[in-house]
Every structure is written in C-alpha cells, then in structure tokens.
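Below you'll find only one chain, the form predicted on its own, shown as structure tokens.
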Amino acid sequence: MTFSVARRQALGRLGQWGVVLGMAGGAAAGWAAETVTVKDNTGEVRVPLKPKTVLVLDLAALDIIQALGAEVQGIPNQKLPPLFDQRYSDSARYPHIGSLFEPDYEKIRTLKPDLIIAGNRSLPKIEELRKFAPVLDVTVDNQQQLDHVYRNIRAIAAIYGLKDKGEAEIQSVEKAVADLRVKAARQGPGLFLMTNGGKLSVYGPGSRFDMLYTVFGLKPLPQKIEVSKHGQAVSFEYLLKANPEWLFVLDRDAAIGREGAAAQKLLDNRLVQATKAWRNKQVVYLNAANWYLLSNAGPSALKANIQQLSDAFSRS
C-alpha cells in the first residue's frame, strides 16, 4: 500500500467522525498531527489533539470523559452527582475552576489550559473563556438531543484519541434506546412533571425534557403544553384533569441539594391520588441529578435513566 492510498483511507475513516487532523510544520512534519477539528455547537472547532490540560465546565462532558477512561485537570466547584462516585473529591488533583455559571477566570489563567470544555449553563461565558484556550462548546439543542449527545461523544473521543471507545459508548446507548422504545410503545400517555420549592411545572414534546417523548418513545398527552425553559406552571387540579397514565417526576430540590418539599410528600394528596398514574402505581420518581444536572446528556447518566424507565415499564 502506498503512502497516498493509506492517507486517503485514513482520512475516509476520520471523515465518519467529522474529524480532520491538522498538519504540523508542512511536509517536513509528515503526519505529526497536533490539532484535530471536531463538531460542536458552533459548527466545527479546531482544538489540540490529546491536550495535556483539559478544564471542564459541563457535567455531561465530564460523564463522557469518565466513560472513556480519560482524565481532566479542572472541574466545576460544586457537589458532584453520585454518578462520579467521589472520583473527583481530591481538589489538589482536580482543581475547582468556578461554578458552571461563573467561571473562576483567575484560577483558569493559573492552570494554563490547552482546552476548555463548556456547555449550556456556561454558554454566556464562552467568549470570555476563549481568551484562555480553545473552547469545545457541548451545548445540546432540545430539538436534537440524542444527535448532539452522539456528536459530543464523538468529538471528545476524537480529541483524546479514543474514537473506538466513543463508538462503543454510542452503540451501547443506541441498543438501550431501541429496547426501551419497544416497551414504551406498549404504554399509555405520560407526563413529565418537575417539583420545585412546592411548585409544579410540566414539560411536553419540544421541551428541555423532550427526550422522554421523542427519543424514548413515550406517548405524550393530547393537550398542548407550553414550551419554555421553566415549563408550564400547573396545579394539582390540572394533574387530575390531565389524568396521565404515567407520571414522571423530577424533584429539582433534590437535584441541587436544596431542602424543600420532597416530591413524594408533595404529591401525596387526594387530587393526585385520583389520577390513573397514582391508582395504577405508575408514578416514577426520576434520578434527579442525571436528568437535571447532567441534562440526560452523558452516556452513563443516559443509560442509567433508560434502565430506570425500562424497569418501570417491565413492572406494569
């Protein structure tokens, strides 16, 4: 095989990943690749290949990196979900670089990053972050949730030089989704409900929790639900009138570690008890951290959420 043929075949394989390797120093450098171009929320971005210092301001991206067995050198300053199992508890090894909403720019400057990975909650700060290093924007669009999860897995895997592991993660998620859709197709209509400080809001197709309907295949209620960041505010009377066969509950207070009216206690009243979902024991209290903090966008969180729903459908 000639060099030119081998090069074309390599480019063909990389093209499936939306990846183009950069050349360092022209012909004299040969295949000494130092950068990689991958897809992100901005289209395409050129970033260092196998960067030495990676700072992460997105929990779903941290899930992807952990699933790939790769490393980071800086993480958000907040209590991490159980999914990460104390792995990042050593703040000397994993320095805190500010919150998801307010990065610590001085700390970031001190760490001299080669790459910063940020997403939805850090979106307003990304231009400022670009002053320190290239930024991979892993923001997920509500209308293309699963496609963007796959895009992010492929991008991060390519950056770390772990595209085979990335593809394996994608295939694992694809199988889990396909199996769940078979079970979901046999169920009656369901409703996504968030409780927050004693208040109720519901989310339908097209919302930030659209994955329940469009990807996982649960039938939505026939009535239209307002699509907005904070959902459509509702009352207990609304839940009784809507009368879903399934009620999927996200307790936001639990997700963010805030004391409040626990969802199970809040919903234990005569109006909710009269719904089909309650009477048929089809009220599912979702993994709040996975759905809310990770936005259902990391492979480990996604597969855990799919398993929870699959188990619930199997019991019905």
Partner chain sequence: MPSPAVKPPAAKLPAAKLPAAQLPAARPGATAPGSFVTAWAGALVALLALALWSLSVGVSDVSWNTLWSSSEDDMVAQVLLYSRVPRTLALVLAGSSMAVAGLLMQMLARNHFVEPSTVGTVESATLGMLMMALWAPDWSVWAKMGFAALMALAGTALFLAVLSRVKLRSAWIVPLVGLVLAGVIDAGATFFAYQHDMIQSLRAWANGDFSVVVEGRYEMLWLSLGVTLLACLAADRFTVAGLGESFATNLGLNYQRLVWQGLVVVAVVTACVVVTVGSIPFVGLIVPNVVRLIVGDNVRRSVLWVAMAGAGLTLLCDLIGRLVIAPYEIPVGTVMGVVGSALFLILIVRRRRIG
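Numbering follows the first chain given and starts at 1. What you are looking at is a predicted structure, and each value in this text was computed from that prediction instead of being measured.
What comes next is about the form predicted in complex with the partner chain, which does not appear here.
Proximity to the partner chain in the model of the complex, defined as a heavy atom within 4.5 Å, holds among 70, 45, 266, 284 only for 266. Interface residue among 177, 111, 234, 170, judged by heavy atoms within 4.5 Å of the partner chain in the model of the complex: 234. Stretch-level contact analysis of 225-233, 124-132, 180-188, 154-162 against the partner chain in the model of the complex, using heavy atoms and a 4.5 Å limit, identifies 225-233. The partner chain in the model of the complex comes within 4.5 Å of no heavy atom belonging to residue 147. In the model of the complex, the partner chain lies within 4.5 Å of some heavy atom of residue 196.
In the model of the complex, the partner chain stays beyond 4.5 Å of every heavy atom belonging to residue 214. The closest heavy atom approach of residue 240 to the partner chain in the model of the complex falls within 4.5 Å. Taking the partner from elsewhere, every residue among 99, 252 and 292 has a non-hydrogen atom within 4.5 angstroms of the partner chain in the model of the complex.
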